[in-house]
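As structure tokens, one chain now follows by itself in the form predicted alone.
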Amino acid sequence: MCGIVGYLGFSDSKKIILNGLKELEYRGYDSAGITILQDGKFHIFKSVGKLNNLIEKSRSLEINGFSVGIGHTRWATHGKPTEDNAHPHSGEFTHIVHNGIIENYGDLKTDLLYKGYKFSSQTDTEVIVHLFEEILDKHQFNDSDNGSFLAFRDTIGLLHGAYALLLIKRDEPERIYFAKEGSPLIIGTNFETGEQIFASSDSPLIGLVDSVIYLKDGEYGYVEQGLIKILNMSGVVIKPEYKTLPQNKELAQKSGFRYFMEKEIYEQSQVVSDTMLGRIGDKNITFDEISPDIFNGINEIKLCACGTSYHTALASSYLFERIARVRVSVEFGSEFRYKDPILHNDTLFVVISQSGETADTLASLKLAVSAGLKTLAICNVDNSSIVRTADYTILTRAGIEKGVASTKAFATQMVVLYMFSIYLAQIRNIISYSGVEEHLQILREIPNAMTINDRVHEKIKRLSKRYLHGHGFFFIGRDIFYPLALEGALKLKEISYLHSEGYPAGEMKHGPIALADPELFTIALLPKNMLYDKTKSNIEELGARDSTICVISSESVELADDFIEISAHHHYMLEFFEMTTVLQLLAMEIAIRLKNDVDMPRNLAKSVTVE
């Protein structure tokens, strides 16, 4: 969830870009940088950590007259948070900033290295700037006006993946090139002055422009003073569509949603796509961050986490055993150290944490390291304590979560662990090519499964008014849907303050069903593709005892009092991910009706850094 700001005009470009990056801090970042092009000279500044470090570094630069500038806040994907890996990246005469992930950067980089290009970073982005200069030189364009544009067009035509990028060239100090595919990019224009301003979201543009152009995927072009040229990938010139800019900065950060939690629920479709970029090939799963020998000498996986991350660990244990055929155990980070655990060197110790600073999980990881175990971190924050401690790390790429109750973290962790289970099955040679291809197709369909259906959301809003009282909730499911029931119950607890419990559906008759009455609400997860008849029977047992039942399924149940319909999917994992969004929305809408602050629930912190 990196941030981009660009500026062209006669105002103070450094001030505008730094202020714009400040407005994008909410997206999360670990390093930042700016380049200002004035009087034919580049001025570049980069820093690791907070934006104030960059402000101090660039304090001596004064801007007078016309200038062009680009700025970036980076959330590390390829390469750790260092100044070399921070944007902008530069070639001989070109600077660039980029959001997204270039899936084929490895092949492009190999070719460029063979041709003698030198790389100073570990990022995928640096490939773009060298590729542009290679194409420009290869065709020997003499007309910089037309030649640079054609080289830029050819460059983006070779990129596979997601990108929002800005490029500036030393001998074209009056122009910024831009392109968008899969990552947001907005152009704001000041019609009186001719200034052009770019940003990743609305908030940096508020107060500077009144109208904006929300670029669509596949659009690219350039801007000059008072000029915008936009084309699509077919080379057709696009007439700019100007929209009125919202004038409330917090609302702009929320993209029009009522709460950050709501925005983050809706973002899940995009962020799970980001999680998969560069990792899903045509026929296999690859992780650049780890080596295939990670499982050498390993006979067991031990998963350790807290809270929502514990639920992803528990859910993924079903996948590791079912797909990778490896023995798995799951531990609470807060309990693991105190059981005097028996640890063997043939165990891969996997810790899961959104922040990478969860104290209990970190302490458990250190115990595993001291015992000589091979360790892997599934984390959202590069260079965090857990990442620095573990032998290997797979980043989830969820971007920052402002809502305390995790949503994107759960979805991206589940996608990473699902991919990792397939990856292990591959390197252990226990899955067929057709089996891998089936899972790859399911993974590609997950973003669509997590796209919020407006009809479903409206149904949940209406239903939520029925669930504001009573003496508690049972969330029930079987198999991998049991951990999802636990997560649904946790979401409701966290933000509504109503008592809720998750249970395996088959365990209800072993005691908990004694609580069943009309004031006990049962939220039943009923996937069509996983133990449908058995789960339906468990629901009927509760219905026969007058529990108020809300069924989440693609097919209705006669005894259900309420029914939230999901799409008819061909695989249980697609049902899992769509039900994830339904449970999150249900918890949120109940909490909103109870007039709670869903972004900042009482007694909770985003990252639990104490025991």
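Quick caveat: nothing in here was measured; it's all calculated off a predicted structure. Just count from 1 along the sequence shown to find any residue number.
This protein has a second form, the form predicted in complex with a small molecule, left out of what is shown; the following refers to that one.
Pick from 166-174, 350-358, 205-213, 537-545: which stretch has a heavy atom within 4.5 Å of the small molecule in the predicted complex?
Answer to the contact question: 350-358.
Looking at Ala489, Leu526, Ala505, Cys306, which is the one with a non-hydrogen atom within 4.5 Å of the small molecule in the predicted complex?
When the small molecule is considered in the predicted complex, the option within 4.5 Å is Cys306.
Which residue among Met450, Ala405, Ala377, Val223 has a heavy atom within 4.5 angstroms of the small molecule in the predicted complex?
Exactly one listed residue reaches within 4.5 Å, namely Ala405.
Can any non-hydrogen atom of Glu494 be found within 4.5 angstroms of the small molecule in the predicted complex?
Yes, Glu494 is a contact residue.
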